[in-house]
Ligand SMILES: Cc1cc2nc3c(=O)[nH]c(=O)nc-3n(C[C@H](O)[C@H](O)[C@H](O)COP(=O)(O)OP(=O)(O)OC[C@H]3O[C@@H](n4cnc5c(N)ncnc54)[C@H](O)[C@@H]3O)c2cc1C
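First, one chain by itself in structure tokens, the form predicted alone.
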């Protein structure tokens, strides 16, 4: 389906927030475009303006410091994370989740910020960002604000982002470096596919975190499990926090069963 829109590519953060404010009612942000472009092609979205957020100098930032941790700009793709020696060394959990996202070709285009701003319940990067205490740095013409990712998602395809605001960067704190973890994802078919349910477990010393995707309206962080809990108590706590839903991909009962299977498996694997 052919559809005409105007493409805008602001080169500074100031110009970007000005355009986003002017076009907040008839514009859409382009990061990787792996959801936006198919939606436009299929007639599901008809923006008058498509605003590329990847052209500012800050957008290509992928850097680590002890003060800010790992900073991920808007132009950083999933494969950029997988190719980063810093991410592999200090934040292997990010790479574990990134590897499960779609195919190599999609990972070349899809951005980390776009994956979470899209706010799909089956986001693969959200579990890692939740478990690693990552922060979202949001920017608009009114300034910047910061919040933890556990407050970022509000519902299916919905976030705290306001009209005219964008996710300028993600910060993964230095305190989370070295965390160990594994991500188990049940898919509809073998290979790279959308998830029916995904469970990430992260361990930092005695601290245990779980995050669950594709089971509730948003990705869910579970930080109530302790090292003293046995497998069944851990399963009970995770299921109580998630309250899985039924949809076209799977029933509530199937998701509950698979979450239990994955939690028990991860507890035995992640030491």
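Owing to the predicted nature of the structure, the values given are computational and were not obtained by experimental measurement. Numbering follows the first chain given and starts at 1.
Keep in mind that the form predicted together with this ligand is not shown, yet the notes after this line are about it.
Practice problem: Would you point out which of 62-70, 200-208, 237-245, 23-31 contains residues with a non-hydrogen atom within 4.5 Å of this ligand in the model of the complex? | Solution: The contacting stretch here is 23-31.
- prompt: Can all three of 172, 176 and 182 be found with a heavy atom no more than 4.5 Å from this ligand in the model of the complex?
  reply: Result no, not one residue of the spot touches this ligand.
For residue 118, is any heavy atom within 4.5 Å of this ligand in the model of the complex, or not? Flag for residue 118 set to yes.
> Taking the shortest heavy atom distance, is residue 36 within 4.5 Å of this ligand in the model of the complex?
Replying inline: Flag for residue 36 set to yes.
Exercise for the section: Give a yes or no for residue 220: in the model of the complex, does one of its heavy atoms lie within 4.5 Å of a heavy atom belonging to this ligand? Expected result: Judged by the heavy-atom cut-off of 4.5 Å, residue 220 is well away from this ligand in the model of the complex.
Review point. Within a 4.5 Å heavy atom cut-off, is residue 87 in contact with this ligand in the model of the complex?
Key: No, no contact at 4.5 Å.
**Asked** Which residue among 136, 81, 101, 132 has a heavy atom within 4.5 angstroms of this ligand in the model of the complex?
**Response** Of the listed residues, the single hit is 101.
| field | Stretch 49-63: residues contacting this ligand in the model of the complex, 4.5 Å heavy atom cut-off | value | Heavy-atom contacts to this ligand in the model of the complex: only 53.
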